[in-house]
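There is one chain below, alone, in structure tokens, taken in the form predicted on its own.
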Amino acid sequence: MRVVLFENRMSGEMRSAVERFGGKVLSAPAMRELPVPHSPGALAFAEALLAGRIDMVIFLTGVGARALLAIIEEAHPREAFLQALSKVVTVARGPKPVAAMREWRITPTHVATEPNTWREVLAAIDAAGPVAGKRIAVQEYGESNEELVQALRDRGAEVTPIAVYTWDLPEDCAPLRSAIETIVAGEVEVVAFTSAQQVRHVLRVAAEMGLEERLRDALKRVFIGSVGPTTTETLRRLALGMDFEPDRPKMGDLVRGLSRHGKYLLRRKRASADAGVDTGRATRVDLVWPADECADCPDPLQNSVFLRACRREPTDYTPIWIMRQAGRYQREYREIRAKVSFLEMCKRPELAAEVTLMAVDRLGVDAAIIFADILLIVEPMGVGLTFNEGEGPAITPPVRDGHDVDALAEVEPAESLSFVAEAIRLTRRALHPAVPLLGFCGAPFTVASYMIEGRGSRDFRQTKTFMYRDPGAWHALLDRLVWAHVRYLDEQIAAGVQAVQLFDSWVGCLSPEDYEEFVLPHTRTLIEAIKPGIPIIYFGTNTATLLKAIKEVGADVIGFDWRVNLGQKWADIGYDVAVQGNLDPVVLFATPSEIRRRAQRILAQAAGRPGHIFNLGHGILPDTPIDHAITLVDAVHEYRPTRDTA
């Protein structure tokens, strides 16, 4: 792919990285840094610091921190300045200013977390306590960070910005003008921006050339990479859009991501532009794939590796998806979640579809699963549902006896849960035509347990007591849940899912005898009653002693948690059913080499036998590094069984 780079200081390193991935580079630096050698603001700051009139110093860049010291030590002894600096609170915006301060033998008091925007700087300051009345100096970079300065002033701080360098166009703009002409001519596939100022300068030069509108139109058909949130905000504010941003604002991560995703997602972007979509302003839900994207396959969904594996048919590689693949471990998800509640995300179809698609784009998995929650169904039954941060779901009032069961309302999902069906329709329209979409629900036992306990439980005392003391009410409750879920899943199937999964997350608390008496008949009824023709996956945790009974529910695929050996348990229950699993989610916190090793061990246990879908042994954990999840996906896709493992 032909890639335009606008980086200046690290253009050589970026060129080398792109070329290592096979890209053809056109380097066109879009800016240069101009120091302010005799900054009166810097000198005034130094005098105030030495006089004890500064309470906090914020360093926003490593280059700027070093430039500031260079200016100051021309007028004041270096050691005196550093000694005064060591006595006040210091805040570093990420690793580069930290490195500069360590050169001075100063450890910052607070360090902003990734992605190192002004918001993380402000969060670090807020966590340390109020700043009202504090005198704060902010080392600026190129231009004033007005959002940060204003936020500090709103908190009552006295803020002094310090300019130590400015940004200007390159001395030689010929490469930049040539790059703009090349983009306008349609001869570029990828552009990479590594600062917000680059974006503004590119548009400025294009305007001077009389090409701004043509450039904007051309960029609607080019894959645009952004190094981080600040650059992305500028691209979106200027209606240029952004197609890929790494979770960490690192140039190496940006290049790797462009290489991994660019060619695949560029096809979608160009097809969307051809269809009249304004890709500079569009969300994922608005985008479409080319009509002939899967022209070589007459039925791309049914011939997908995921659905073939569900049917226990041979596949070229093992398919993989990840439970909770749209979730808190993704920065984009967290940004949306910061603005709306969890339930609102579930109930707004465009948001549910967006995060569903986001996970597929980012991970490259072989199936999508609609963003929703297994407990959405309890609200239409007349039970209150809330999600409290850090505490999980809470149901009020809980169901504790037969009278409570009788009081539950009948559910008509076509009306009360229509937002899930609409999210499915939006997702299916925008999803790659060969990527299946999964629907899901909670299995009757697990949903009943939530309703009875009212929240999470360790011993399920209320649930088991209800079950043992009043079996009639128990069976009546599960019967209601079965038929509510049958209608709910049928609505999902009609809306466009290609498979469904039943989550029985808590069923492992039961003995095999209790499972067979109190659960199995209801789950089997649910599976038998769902509209035929699509695969059904059944997954539970702590189910090692239940797996032979679980097979009797009639699911096409049985999910294993991480506590069992996949090869042994598959042999135990028989190869006439497909299996899913089963890497321990905590493995994704290990090194990439260890992730690959453990994934390969599970794949070897499956022995290349048709019918294995790779997954974690439970949902992905919130703090999982997304690059580690991508490592797992790539490891599974690259694995091919040898004669020794087959």
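One-based numbering along the sequence shown. Just so it is clear, the structure is predicted and the values come from calculations on it, not from any experiment.
Note that the form predicted together with a small molecule isn't included here; everything after this is about it.
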Inset, instruction - Flag residue 328 as yes or no: does it have a non-hydrogen atom within 4.5 angstroms of any non-hydrogen atom of the small molecule in the predicted bound form? - result: yes
Inset, instruction - Considering only heavy atoms, tell me if residue 384 and the small molecule come within 4.5 Å of each other in the predicted bound form. - result: no
Inset, instruction - Spell out, yes or no, whether the shortest heavy atom distance between residue 342 and the small molecule in the predicted bound form is within 4.5 Å. - result: yes
Inset, instruction - Report whether the minimum heavy atom distance between residue 193 and the small molecule in the predicted bound form is within 4.5 Å. - result: no
Inset, instruction - Answer with one of 141, 506, 466, 515: the residue that has a non-hydrogen atom within 4.5 Å of the small molecule in the predicted bound form. - result: 506
Legend entry - Residue (of 255, 370, 92, 164) lying close to the small molecule in the predicted bound form, criterion heavy atoms within 4.5 Å: 370
Legend entry - Candidate stretches 155 to 163, 406 to 414, 330 to 338, 265 to 273 - the one whose heavy atoms come within 4.5 Å of the small molecule in the predicted bound form: 330 to 338
